[in-house]
Structure formats: structure tokens, C-alpha cells
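One chain is shown next in C-alpha cells, namely the form predicted alone.
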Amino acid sequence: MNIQRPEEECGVFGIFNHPEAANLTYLGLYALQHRGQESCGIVSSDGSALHAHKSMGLVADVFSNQEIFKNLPGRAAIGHVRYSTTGGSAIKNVQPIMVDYSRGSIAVAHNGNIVNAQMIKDELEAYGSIFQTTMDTEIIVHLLATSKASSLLDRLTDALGRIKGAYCLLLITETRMVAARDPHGFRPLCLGKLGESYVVASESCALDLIEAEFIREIEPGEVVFIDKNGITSNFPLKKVAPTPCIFEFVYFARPDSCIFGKNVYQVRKELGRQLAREYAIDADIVIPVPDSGVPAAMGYAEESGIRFELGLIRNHYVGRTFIEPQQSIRHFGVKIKLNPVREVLKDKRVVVIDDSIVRGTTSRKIVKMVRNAGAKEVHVRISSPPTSYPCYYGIDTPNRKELISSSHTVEEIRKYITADSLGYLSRDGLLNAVGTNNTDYCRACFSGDYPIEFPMLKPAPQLPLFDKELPE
């Protein structure tokens, strides 16, 4: 099902020195399922060899019986949930990638996107490398294997020194686990402890599920080695000013997670409060587009004094694909996921809170759904600025030509989605709500100012991008 939103990227989880490493990794991936629903996998280490199980599908489906875990022995494991950003959706691209090479076995799980991947791949292939997948992650494996350095830290430093972009990496060998975060710190990665075991996860909500203690975030540019002797921290790469992704707060991270030093739920409520300050309106009720719009709608309602209601109910049991009936049902893709509560909406002036508008087609259907349920007025408020530029750092946003705000004014978008009014949170309002604490967040999807130059990016085309007549 395509509900026309930016898609999540990936999630990684790993644990070292625990008798139920694979089982706990499974639970950790369950908590990170929101970051990727296409495929998942676990690689475990028993101290002398690596063992893997991975497939297309959700975590509960891929690890559907206890027999699987008997084939994942050992006290260390890493896991991955994936939504494809680079490389297609196929079984060959399921992570973690596991290989045997001259120095033993190694498996790699990666969240992010390497922006100079094609250039490095072309070079490696020219020297005889053969690639088994279409993912940028495999480039890291080849760079490790071809490095002339003797220690794993030095080989990893060589590899990371070549790549540019966003990465949170988990690597596992027969005897250790390694975590690495790119110098810009685009994606979140945290470190925890469970008894004598160390845990690494994309978000802190995964630590909560297994009752691990949150220690700290893996720092931008940090490489952490975990083995039988404990934990060692290294900063082998050139230091740059961190630019964590601000859209993690808007949409991607789970609201019960703490990322970049802040609780996501509290930030989203503040986004809503700031939105109410910037775009006041006389209305009867405030409703969220669930689930990501809920905290912002609560903040908007608190700040504005307008009553909060659940006017749209989400079906949480909808998979990524479904069979559409032959006889057309209007707006089927949205209606199978969201259903209006007529008794809440009838004869009301409604403020609808959502986190973003991408192509505009879903927002248009939601507005019509609310109006058809009897609302007198429908006012749309978005808890982020207009998304006008694609992300190249690990989020699957459409290209710029498909982003409605890249070529249309707010008024044109309002008319297209058929709302009575439309207001986006300002860029300054976003920063005020998040609170910078001297952090220069990446907000390239709003501004087009990319922190990393990348060789394949061509200048964005100028108007017109869309046909000025928006599609029905």
C-alpha cells in the first residue's frame, strides 16, 4: 500500500555477551519495525562461526517459530530491519550482509545512505570486485576486504575514510561487535547495557523493550569496539560539525524514543504548540492524522484551547500490500487505513494536524473524507515546513519533481487538497520547537542546503516541475 509519505529508512540492533543474544535481537528488531518493513535478518556469533537467518517480510513473520533461534547460537548477535533506499527490494538485498574473507567472517548491518557509492563501486569493479547485491552497504564489505591494514580498526578506518554520507553501522565477527556512526551523525544510534551485556540500537525504545539501561548515544564519528575485554571508543575520522536529521523528530523516530538528547514525544508536542502560535484559527475540534500526527495535535489543542478529538481511526492491521476489489472504491488506499468518526466530525469546524505533505494526494483524500463525514470546515495544519527537496541521507523521499511544494505555493496546495485553510510550521518555528542547543540540524529536505556534497547530484531542475494543473 502506498499512502504517499516519506518511507522509513532502516533500523539496527546488536547485543554482545548474552546467552539469549538472538532472541533479544529479535525483540529489539520488533521495537524498530517502524524503521523498515520490507525485510529483516539476524546474524549471531558462537565464538567461532557466524550464523544467519534473514528473509523478506516483517519481523514476526521472518522469525515465526522457535526452531529458527536454535540455528542462531551464541552470545552475540546483530540484526537489521530494512526499507530500501539504495538498491531494490529483493531477497539478495536483505541485511545483515555476511561474508567470509581472508581474515575470517564478518557481517554488516547499515542504516543510512552512502552518497558516493556508485563512484567507489565503479572503481572496485575495475579492479575485479564482484558484487552480489545492489546495495551501497556491500561497498563497505569490499573496502574492508581490500584494505592492506592489519587490524580491524585500521581496515574499518580505511573503509570509512573513503565513503561519504549517512551511516550507522553494526559489524560482528567471531569474537567482537563494532558500532560506527558517521561524522555528521545524521541517524540516531545509542548504547545500552543489560547486566554484563552491551547493547547497540538505532533508537532507545529498543533498549526499553528488553529492559536494558540507556548509557549514551554513540557519538558522531565514533567507532566502538565491544569484545570480551569490554568496550573501547575510537574517533579515527576527521571531525566535522554534526548535522543530525531534524525529520527524525517530525516523523521517523518512535515517540517513546530519546534521540539526539531529546524525547521525541515532547518535541512533537512542542511542534504542535508552535504551530498553534503561528496559525491560530476559530474551530471546534483538533484531530490528528494518526499515528505520527497525534503528539503535535495534542500540543496544538493545548496551546489553542480547542478540544482534542480522535476524528480519524487507524486500522493497525493493514500490511504493506493488499488486494483491491475489482469494483472501484473511491480513495480505497486511504480508507483501508483510516476511517472517519462521523459522530465526532459532523457539523464541526475541524483542524486536521499532520506531520508533512509529500505529493499531496493523501492529504487531498483525507480532507475529502473528513468533509464527507459532515465537517463544516476543514483546516489543515502541518507540523513541519514544506518538504521541497529529496533526502539523500537514508530516507526514501520522492525526487524533487514529485514533491508538490517544490513547484507550488501554499495557496495552490490548499486548493488542490480542497482545505479551507492550510498552514505549515515555519523553519524558525521548527528550530524553536526542537531547540538547537548549538546543534546545526540537517534540514536539507526543507531548504535544499545539503551538508555533504555528493558527486552524483545534478542541479535541481527549475520550474515547472509539476504540471501546473495538479492531477485529480
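What you see is a predicted model; the values in this text were computed from it and never measured. Start at 1 and count along the sequence shown; that's the residue number.
Another form, the form predicted in complex with a small molecule, is not on view; read the next lines as being about it.
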| said: Is F249 near the small molecule? Define near as a heavy atom within 4.5 Å, in the predicted complex. | reply: no
| message | With a cut-off of 4.5 Å between heavy atoms, is S356 one of the residues that contacts the small molecule in the predicted complex? | response | yes
| Residue contact check: I395 to the small molecule in the predicted complex, 4.5 Å heavy atom | yes
| request: Indicate whether the small molecule has at least one heavy atom within 4.5 Å of a heavy atom of T362 in the predicted complex. | output: yes
| message | At 4.5 Å between heavy atoms, only one of the stretches 191-199, 98-106, 116-124, 347-355 reaches the small molecule in the predicted complex; which one is it? | response | 347-355
| Here the chain is shown alone; which of S129, T133, S292, T157 has a heavy atom within 4.5 Å of the small molecule in the predicted complex? | S292
